[in-house]
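The chain below stands alone, shown as structure tokens; this is the form predicted on its own.
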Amino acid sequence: MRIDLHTHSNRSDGTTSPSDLVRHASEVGIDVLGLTDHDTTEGWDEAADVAERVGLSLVRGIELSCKLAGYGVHLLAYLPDPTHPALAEELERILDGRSSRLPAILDKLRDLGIDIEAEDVRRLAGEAAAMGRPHVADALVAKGIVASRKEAFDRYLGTGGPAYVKRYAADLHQMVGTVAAAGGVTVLAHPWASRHNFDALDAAGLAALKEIGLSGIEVDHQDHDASTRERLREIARDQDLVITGSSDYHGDGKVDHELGCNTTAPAEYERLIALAEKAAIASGRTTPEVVRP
């Protein structure tokens, strides 16, 4: 069984529609797919409808923009009730933060002699829930200023870059609790990727997150080398955290992240789903179920 629990559609910064993402996953032999768009659930219904028709299991999730010790951290939330008031409010604030910083980013680019209009970004964002840096990167590619999203982030849009602008992100510890209250479970996404500061996510920091409800760690990810994976695997085992592996697929928006390039072991997946079932009962919320063939 091939299980990929971290993917993106064009409802955030992927380049593939939710329906085409599910079809592609089925075609390449994925049995269980997690749709985890950034800070939105807008692709859930479309993906679920197609998953039922092609016979693929779908786990509905969200990749939440959080912060810890002043640095960005990504939190994967699986099967929460998106109508839970505190979760819905945080999602709205995060999406507003994404869109509201666009004028400031474009102003900084103009200061660098690069003229991109909001409409250029809006057109490329398509059906995304909010316009973010990846869509600005796409505009830079379209203008021939850079060759790829990666180059756009490396030269202009990444943290510390000349066109970088901070935005709102939720407190990580609070968000772990919010997702639990919404009946979902949480997995820390690519915690030791080189683009993140992981000083606060050492063994002690991860243990503290486990104490407040974190369910797992995304260990097998393209941004983790072999030694990083092994150290994270040891910590996860010591803390009895679920170990996941995922592609972080973005379609054409990210190279070397093809569906199924990393996968989650079936036993770890079953642990995660069992924890989600317990969280749903404890919360008293009506939470989404896994779409099963």
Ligand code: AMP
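Don't overthink the numbering: it's just position in the shown sequence, from 1. Because the structure is a prediction, the values reported are computed rather than measured.
Absent from the display: the form predicted together with this ligand. The rest refers to it.
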| field | Listed residue that, although this ligand is not shown, lies within 4.5 Å of it in the predicted complex (heavy atoms), from His84, Arg133, Lys210, His221 | value | Arg133
| remark: Only one of 50 to 58, 261 to 269, 246 to 254, 233 to 241 sits within 4.5 Å of this ligand in the predicted complex by heavy atom distance, namely 246 to 254
| said: Using a 4.5 angstroms cut-off on non-hydrogen atoms, would Arg101 count as touching this ligand in the predicted complex? | reply: yes
| query | Lys150 near this ligand in the predicted complex, any heavy atom under 4.5 Å? | reply | yes
| field | Full three-residue contact with this ligand in the predicted complex, heavy atom 4.5 Å, for His38, His74 and Arg167 | value | yes
| query | Which residues within 1 to 36 place at least one heavy atom within 4.5 Å of this ligand in the predicted complex? | reply | Asp13
